[in-house]
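Next up: just one chain, as structure tokens, the form predicted alone.
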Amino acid sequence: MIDFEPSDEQALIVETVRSFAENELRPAARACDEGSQLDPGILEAAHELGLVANSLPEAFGGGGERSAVTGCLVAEELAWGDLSLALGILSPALLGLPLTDFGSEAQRASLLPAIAGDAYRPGSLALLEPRFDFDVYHPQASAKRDGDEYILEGTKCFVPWQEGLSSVLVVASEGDAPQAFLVPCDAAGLATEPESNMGLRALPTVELRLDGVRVPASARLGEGAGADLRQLVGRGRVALSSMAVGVARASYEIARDYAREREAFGAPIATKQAIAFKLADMATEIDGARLLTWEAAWLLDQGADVTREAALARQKTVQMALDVCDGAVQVLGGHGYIRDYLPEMHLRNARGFSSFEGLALV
């Protein structure tokens, strides 16, 4: 029998995160977007909730309660509050979860205790590349073995780059196989160029250039075959799909409430057939996209290969988020286009989901 009811523990987590998103993230969303920076106080407060640390191994200070489904529930609620802040809050997972899944004991012991520690520590994953024919499974960035070192060459884009970041996980091709490497942010030959994006204005991202960057062989993630990039990409797509659902839900709820209050010709516009049908279609699409995402997350928790399911969830949520947020702007009419209301920001953020890759993990 299929059961979509969260466990008691999951329900409590959702209630806690929803309250945090409503009371902390949503009120700060516009100011962070306009100021093009994340609120450090919010990041620290969110870290105290243990949203990432709870998924890390107990041996390194974490909670040992890893669940992709729970991660999806958390990601949706945070993105409902604000997408940029949500990505900032969950950024430690960009290092912590790949280390948990593929890292050597030495790598885990070196970095996981700090990620699970008392203070917020950002993480970053360099996956995307600035070229039209980019293939996530065949990156053009290269890693060549040179004795006891690797030499990294290439360019990455849309790499989260917060203050306090110590290492970035760079995906590059070693021969024909993609691998992940831990690269110190102060490594010689590593250069960054700040990006100015249409959406996610509060999340600092950079173009990352690797010009003969040398790292020790021990910087290669894991042992033997190394990291499984398909699993890494799948977990990223499931996380971003959940966030797309959260952004769309936020925009839909604002449009729904506005339509109930806004009157035209003596009645709320929500009673007009065109508006009512649009809102119904928006709600239907959100629920359908959420179920696809939950299916992929559930399969992740079963240890299955979710390449197909994650791709389907991503394909659905990318278009759904854009359609719903655009619909919300339409429902608000002229008010939807001005910054006094959040749907215009939701629409700018939603536009990016077709390009996002590796900005979050579950």
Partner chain sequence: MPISFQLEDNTVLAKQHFNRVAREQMRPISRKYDEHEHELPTEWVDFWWKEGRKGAPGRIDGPNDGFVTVCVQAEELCWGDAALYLRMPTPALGGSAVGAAGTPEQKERFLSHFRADGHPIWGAMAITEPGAGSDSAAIETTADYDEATDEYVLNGTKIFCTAGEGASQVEGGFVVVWATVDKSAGRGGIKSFVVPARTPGMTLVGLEKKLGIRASDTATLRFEDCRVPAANLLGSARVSKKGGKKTGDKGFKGAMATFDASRPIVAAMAVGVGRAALDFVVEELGRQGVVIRYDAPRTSQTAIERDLMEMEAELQAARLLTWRAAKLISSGKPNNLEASMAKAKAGLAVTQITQKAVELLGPLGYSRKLLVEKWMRDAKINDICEGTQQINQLIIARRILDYPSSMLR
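Numbering follows the first chain given and starts at 1. Computed from a predicted model, the values in this text were never measured in an experiment.
From this point on, the text means the form predicted in complex with its partner chain, which you will not see here.
Heavy atoms within 4.5 Å of its partner chain in the model of the complex belong, among the stretches 104 to 112, 85 to 93, 130 to 138, 198 to 206, to residues of 130 to 138. Heavy atoms of A311 reach within 4.5 Å of its partner chain in the model of the complex, making it an interface residue. Contact check for A276: a heavy atom falls within 4.5 Å of its partner chain in the model of the complex. Using a 4.5 angstroms limit between non-hydrogen atoms, E65 is distant from its partner chain in the model of the complex. Within this chain, D287 lines the site of its partner chain in the model of the complex, having a heavy atom no more than 4.5 Å away. The contact with its partner chain in the model of the complex, taken as any heavy atom within 4.5 Å, belongs to T307 out of Q330, T307, Q37, N54. This chain is drawn without its partner chain; in the model of the complex, the residue among A188, A264, A217, A280 with a heavy atom within 4.5 Å of it is A280. Using a 4.5 Å cut-off on any heavy atom, the residues of 62 to 77 that reach its partner chain in the model of the complex are, in sequence order, V69, L73.
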